[in-house]
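Coming up is one lone chain in structure tokens, specifically the form predicted on its own.
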């Protein structure tokens, strides 16, 4: 069991289950609707908590009813929110999601009017006893300061960063972490028109480019139905296939679950090849179920 701190956002997700994504200006009836706590880092922490780790979240919340729902959900998974900064009079970030029953895809409209977690708040956190620190790649200047502060205070503390979307100056975070986790969307954006058509070639080109930015880090890129690719500081490339469930039910949080599987595997001392496999297996388990409930160590094992 490890002590893990996550830095990022939490949201209230309003999920409408629809038969298929509607055409523009169409009116469709939702087959079902549910509300969930969302947010990349908090999703990752919820999965890690179910895998047996002690998890803390550093982020901001408002003081409205939606934020109370978010806090209650995190408490259900034993996520420590002591380091949360509450903003009076604000509104909880809200994601409106259309989830297609046809293929499990999701389209998200996100509303946010809440300040990000800042460096001053992070400096007040007691980092002693931590085994891992994981951050979302957002609010770049503040996150860069947090990673530098953590490195100065605890040089041996493993640091990981998720880089999901292109953001201004996001590349500044690459040299500050031990493990960098990229999305396919970000990789293809970086490659632009030079991106090879074959997923393996595109992933290889991207990861080798990123290694030039941060030669001492491990670089990992998830690639959806093609699995995930990784590159070690020594230049060894590894790949794991995806593990598709019998039926794709819900893709919301699949990437966050992948991140949790990767962190869990690295904490267990697994090499990069084995870690990629564990993370892909966990993500495959997730897309075959609704929500983020029910993860156990069995989720990491090969299914018959």
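What you are looking at is a predicted structure, and each value in this text was computed from that prediction instead of being measured. Positions refer to the first chain, counted from 1.
This protein has a second form, the form predicted in complex with a small molecule, left out of what is shown; the following refers to that one.
Novice: Just to confirm, residue 177 within 4.5 Å of the small molecule in the predicted bound form by heavy atoms?
Specialist: Although the small molecule is absent here, residue 177 would stay clear of it in the predicted bound form, with no heavy atoms inside 4.5 Å.
Novice: Are any of the heavy atoms in residue 106 no more than 4.5 Å from a heavy atom of the small molecule in the predicted bound form?
Specialist: Yes, residue 106 sits close enough to the small molecule in the predicted bound form that at least one of its heavy atoms falls within 4.5 Å.
Novice: Is residue 164 close to the small molecule in the predicted bound form, meaning a heavy atom pair under 4.5 Å apart or at it?
Specialist: Within the cut-off, so yes.
Novice: May I ask you to state whether residue 15 is within 4.5 Å of the small molecule in the predicted bound form, using heavy atom distances?
Specialist: Close contact is absent here: in the predicted bound form, residue 15 is far from the small molecule, nothing within 4.5 Å, heavy atoms only.
Novice: Based on heavy atom distances of at most 4.5 Å to the small molecule in the predicted bound form, which listed stretch, 56-64, 27-35, 266-274, 239-247, is the contact stretch?
Specialist: Among the listed stretches, the partner-contacting one is 239-247.
Novice: Which residue, 186, 223, 122, 132, has a heavy atom that falls within 4.5 Å of the small molecule in the predicted bound form?
Specialist: Checked against the cut-off, the match is 223.
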